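In the structure tokens that follow, the same protein chain appears in two forms, which are kept apart as structure 1 and structure 2.
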Structure 1
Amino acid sequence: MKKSRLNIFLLMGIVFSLILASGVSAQAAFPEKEITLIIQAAPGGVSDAVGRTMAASAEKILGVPIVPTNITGAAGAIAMGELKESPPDGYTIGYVPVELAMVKALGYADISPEDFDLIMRVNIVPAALTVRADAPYQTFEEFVEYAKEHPGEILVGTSGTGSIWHIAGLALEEVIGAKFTYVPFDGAAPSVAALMGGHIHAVTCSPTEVLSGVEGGDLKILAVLGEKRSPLFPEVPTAQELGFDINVMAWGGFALPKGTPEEVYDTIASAFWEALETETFQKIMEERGIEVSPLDGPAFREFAMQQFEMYMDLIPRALEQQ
């Protein structure tokens, strides 16, 4: 009888060990299926370029496909809302732009950086004022003069009402003392296409997003609205160099839904950091004029919250002037 009980206890111990081993193995197996990467802008812009390049590099490291999905609208609030409500299992990742710090101030969604597990910041990009090559103003100074003499006549395309490129236009208005009329699009790429087609007069987006138009001779950058010149167009001055104090930049990184298990978070973060450092990723970012400026998760969270607090103060004041 005692021997029989001993055998039962031994059998139970083996079964319990197998259950534990199975659990450990299941956790260690992440990822087991494809991962969705939500990108908040239309194809063709900076967000899409960074997101798709990272996905292509990181999926080789993780061993499963990372499928980019573009969800546009409301300055990224729709995409970030989708990410926020996704299961925190690691199978949905989001590219989060500067608008992460803006959409609450804009009244689009009750979203802040604290609603996510931030993986890393990847890039920063300054705004630039770009017009058609055949525009009646060929320099930034001529544009300023024309804008002042024709209030409300210059149609400025943005990547959505309340987007960072809209805020760049508002900041430019305030600094030069002019008045624009804004035309929102679902991302920078459609706004640039509208400029190419002659439907609007200017855009205040990144140098990257107008690169092909400038190289083709259809567009002209009048000034970079950041602290330093763009490596893509080193001959183009900054507005600050010309005596106008303006500095507007976009930034972007990656995030997971809040509450993602630590081991899953660490697996993804490790893969993304490894992907960031690959020659392929760095080369594509350089070719697109996207400045790689990485921050790890905790540093990214601190930075994003500082930006959040700034925009919670700035945006209501800027919109009141409209």
Structure 2
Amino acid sequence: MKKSRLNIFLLMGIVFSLILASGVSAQAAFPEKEITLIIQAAPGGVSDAVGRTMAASAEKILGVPIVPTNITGAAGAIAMGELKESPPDGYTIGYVPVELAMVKALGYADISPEDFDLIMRVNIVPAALTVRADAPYQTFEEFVEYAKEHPGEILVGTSGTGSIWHIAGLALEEVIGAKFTYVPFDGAAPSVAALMGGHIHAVTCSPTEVLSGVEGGDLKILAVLGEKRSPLFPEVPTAQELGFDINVMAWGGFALPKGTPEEVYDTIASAFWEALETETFQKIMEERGIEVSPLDGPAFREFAMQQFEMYMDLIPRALEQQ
């Protein structure tokens, strides 16, 4: 009898200490172990550069390592799917690109900005209309005129059907009332190479991607298709300034799985914001030609949903035309 009572006491003691321990760990300050940062693109591109630089800057503030992991495939849908399914405890963060607002319309995966707790937008990459320097049109207006007179003749290279730069071309076509023929390539760089080689007539990718060609005198940017001029080419006007209502840009930011506790969300958001403002982060972004244009969580959510609705309308029409 005595022995069994002792056992019960022991058992109760263990149970109590377990409850206490778990209570303590629930109250312990986040973070207490390393954080994984999922990057949806291969090492080397803009997404990877922003993700890794942020990880390096924010881990000093949070005091735990942030380990970047590149999970590629399906225009980022696999990585974003993984983030969506991760436990919402703050230990898995993801970089989310413009494709967050696109993959559902493309039919790759059932993912929308609503599936995440968005932390912040970091950068934007505007589209720009670039042509060969020896083209018969030297200004945006001349291009518009030429395009209207020659429907279907202008070959516009894109970074793939349904990609953000293809959408930029479609939006341009709609706003100027012309008809292009689209030539999809496997990414922006091959389309720029094809433009420099004279195989196509125009591209609608970002100014960064055509920088070398423009500086070398082979290419010419006619207009930026985003909301403001590019810091790389301050002399190039935006299409909006010329009276055409168009605003297409790629962007990127960070997100957490839906349902992350508020304290955890706040800790991460303030650490990331602080990291963004460090001199090192700003300097690396500037050297890489990445335009930092931050929005906080709520503003990013509103922006992303707006984009999501726009693409849900544009992309199905775009795919139909092909």
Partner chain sequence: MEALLVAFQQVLQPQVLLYLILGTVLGLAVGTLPGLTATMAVAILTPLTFWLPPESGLGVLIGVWNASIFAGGISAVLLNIPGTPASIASTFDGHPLVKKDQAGLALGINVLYSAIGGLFGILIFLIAAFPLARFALSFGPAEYFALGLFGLSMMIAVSGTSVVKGLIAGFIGLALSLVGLDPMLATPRFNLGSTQLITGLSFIPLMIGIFGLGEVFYQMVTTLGQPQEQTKPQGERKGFSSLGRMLVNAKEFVQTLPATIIGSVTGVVIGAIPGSGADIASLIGWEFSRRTSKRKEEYGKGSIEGLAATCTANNSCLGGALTTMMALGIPGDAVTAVLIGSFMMYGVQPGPAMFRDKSDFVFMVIGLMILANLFFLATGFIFSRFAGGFILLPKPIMWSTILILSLVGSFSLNNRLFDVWVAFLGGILGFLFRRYQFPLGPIILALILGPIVERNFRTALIISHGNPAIFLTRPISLIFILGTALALASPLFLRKKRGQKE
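Throughout, rigid core stands for the largest set of C-alpha atoms superposing within 1.5 Å between the two forms. Since we're looking at a predicted model, the values are computed, not measured. Numbers given to residues start at 1 and step along the sequence of structure 1.
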Quiz prompt | Form predicted alone, given as structure number | solution = 1
Quiz prompt | CA superposition split between structures 1 and 2, Y182 and K84 in same rigid part | solution = no
Quiz item: Treating the chain as two rigid parts, what angle does the smaller turn through between structures 1 and 2, in degrees?
Solution: 30
Quiz item: Upon rigid core superposition, what is the positional shift of the Cα of G162 between structures 1 and 2, expressed in Å to one decimal?
Solution: 4.0
